[in-house]
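Here we start with a single chain on its own, the form predicted alone, put down as structure tokens.
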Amino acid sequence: MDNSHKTHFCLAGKTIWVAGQTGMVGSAVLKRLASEDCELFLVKRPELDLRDQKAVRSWLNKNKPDVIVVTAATVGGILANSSRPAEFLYDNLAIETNIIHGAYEIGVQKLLFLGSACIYPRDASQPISEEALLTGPLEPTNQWYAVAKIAGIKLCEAYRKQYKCDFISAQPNNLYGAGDNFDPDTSHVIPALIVKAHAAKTTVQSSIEIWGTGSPMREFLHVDDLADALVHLLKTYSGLTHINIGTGEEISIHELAQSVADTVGFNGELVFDSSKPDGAMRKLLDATRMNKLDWAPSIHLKEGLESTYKWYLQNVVEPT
């Protein structure tokens, strides 16, 4: 990355809208922005349907934020992606096109769109660089979400090229942390494992069943680290290329499951169901560009799992 992509964008005095602010990422970004000298728009989900173009356009024209961070999305794990493909594709396309085009119409000073590591080809060389985008077939188990996210990234590129909009995008790897989705049918791997391990511990089960072989390798990023990275990007980056955000560290699903079990205090057997899909075997991001912008994560996985389980106990588990 050459130095022409670096910038200094001051957030002081700016009005900022975090779209999707009630979700895990959005709430973390709001919390991080609270330490900046800026004004935040607080919009609850029932107040604005982001899939409704008219409603989004009306809200933007009325409030005219200086900066937009697009964290809103319909998300979920392998089961949710497989069973709700139309919803994953339509919802995410509608949300991003409404916000990005609306931002252009009102002359937003800066927009940051949040993508996902699943945008990359299933068999991309590891670690995955930004240049790997659209160089091969996607992972079938999350292709619907991936296609929508790729469209959002390309929209930001297109509006930058055609209209000179300062629209950028970032791709984190697997996220977890406070505010995550702990629904067993729609959650990602870490919250799903926490729910299973906690239930097994409290009901004194001898084992828990886990999808797949346990052999895939994954990289996990705490949501508070992501929030800090996104604010850093708003301040320091302005370029066409989307930016990877990761830790550079991998762990197998088997090792992860054991770490979650240890965190929760479940001492039973981990049973892996190899008849269920594994997804991509590796998905490690090359975060060289982000590192050159002088940012690195600070929350280790062990620490992150402990704080996430604590949040789950305080906010999700019903008191006995």
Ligand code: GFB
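So that there is no doubt, residue numbering starts at 1 and follows the sequence shown. What you see is a predicted model; the values in this text were computed from it and never measured.
FYI, the form predicted together with the ligand isn't displayed, but the following is about it.
For the three residues G76, C118 and P216, a heavy atom within 4.5 Å of the ligand turns up in the model of the complex in every case. Stretch-level contact analysis of 56-64, 262-270, 32-40, 275-283 against the ligand in the model of the complex, using heavy atoms and a 4.5 Å limit, identifies 275-283. At a distance threshold of 4.5 angstroms between non-hydrogen atoms, Y145 is in contact with the ligand in the model of the complex. At least one heavy atom of W211 is located within 4.5 Å of the ligand in the model of the complex. In the model of the complex, I253 approaches the ligand with a heavy atom inside 4.5 Å. Interface residue remark: H232 is not counted as part of the site for the ligand in the model of the complex, having no heavy atom within 4.5 Å. Proximity to the ligand in the model of the complex, taken as a non-hydrogen atom within 4.5 angstroms, holds for one residue of A192, L114, A227, I245, which is A192.
Note on the partner interface in the model of the complex: the residue among N181, N174, T241, Q126 having a heavy atom within 4.5 angstroms of the ligand is N174.
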